[in-house]
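Form predicted alone, single chain, as structure tokens, below.
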């Protein structure tokens, strides 16, 4: 894998690394990786390096970078919110890759908050043709609630513990409201999300959503996404994978390899 380090952006504050295939195919989308939460662009336990190495060997240009104020990228004091800055950073990154390699379509791949950012930039920029989520949005269903809460009611001890944790979480939420600049994602209203996904479907954007057992508190069975949106056409453009035995950050190498292989198959079939 050949890598090239870049400093770029309108204010020259962004730092990124391009993992290059033997030959850059201008007709093949570039894959963009970025921060999960406030973790450096290498990703939790270097997961982004593993992803970049494998996908570049498949012929994809993979670009991993730090958002403004994270890792090696400097923070710009321009008065905008964190979310607006993220969108601007992603747009500048796409434009930079386009100027360097003449690639003008992109696939966003993000873990946790990265999945949230990937969805939002896809809704704003037509250059995004694909999204890969690792533990993105999950909407509750009747089956989800049954699987999550039914066991609790058969154990008084677990019921008391569950109520206690809910009260503690509510107290922490009231004391730690971070607003729009929080490095966490907030689940969009379902109607808004449906509207956005319908628009992406009409535009031809394809998505792979991968969920792990590390997010059982909001996603706990493979078909939960499909059950949440029965009857909606955009489901045709979304593939779901669920790894209930894997952790949120894919710390186990074998688990990570299986996840990357799943992403590779999806990429080969669609791009």
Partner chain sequence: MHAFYFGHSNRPLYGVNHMPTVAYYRDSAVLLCNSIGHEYIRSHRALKQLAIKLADMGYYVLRFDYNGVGDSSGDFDNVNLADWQDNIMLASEELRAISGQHKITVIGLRVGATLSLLSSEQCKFNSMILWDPVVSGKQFVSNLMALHKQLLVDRMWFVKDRSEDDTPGNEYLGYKYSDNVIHDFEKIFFSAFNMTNNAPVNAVCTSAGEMHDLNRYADQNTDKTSFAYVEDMGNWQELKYIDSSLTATNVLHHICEILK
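Positions refer to the first chain, counted from 1. Treat the numbers as computed from the prediction; the structure is a model and nothing was measured.
Absent from the display: the form predicted together with its partner chain. The rest refers to it.
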Exercise. Among 40, 206, 54, 28, which has at least one heavy atom within 4.5 Å of its partner chain in the predicted complex?
Worked result: 40
Exercise. Does residue 61 make contact with its partner chain in the predicted complex, using a 4.5 Å heavy atom cut-off?
Worked result: no
Problem set entry | its partner chain contact at residue 72 in the predicted complex, heavy atom, 4.5 Å | yes
Problem set entry | Non-hydrogen atom contact residue 3 with its partner chain in the predicted complex at 4.5 angstroms | yes
Exercise. For residue 46, is any heavy atom within 4.5 Å of its partner chain in the predicted complex, or not?
Worked result: yes
Exercise. With the partner left out here, if you bring back its partner chain in the predicted complex, are 7, 15 and 216 all within 4.5 Å of it by some heavy atom?
Worked result: yes
Problem set entry | Within 4.5 Å of its partner chain in the predicted complex: residues from 243-271 (heavy atom criterion) | 244, 245, 246, 247, 249, 251, 252, 253, 254, 255, 256
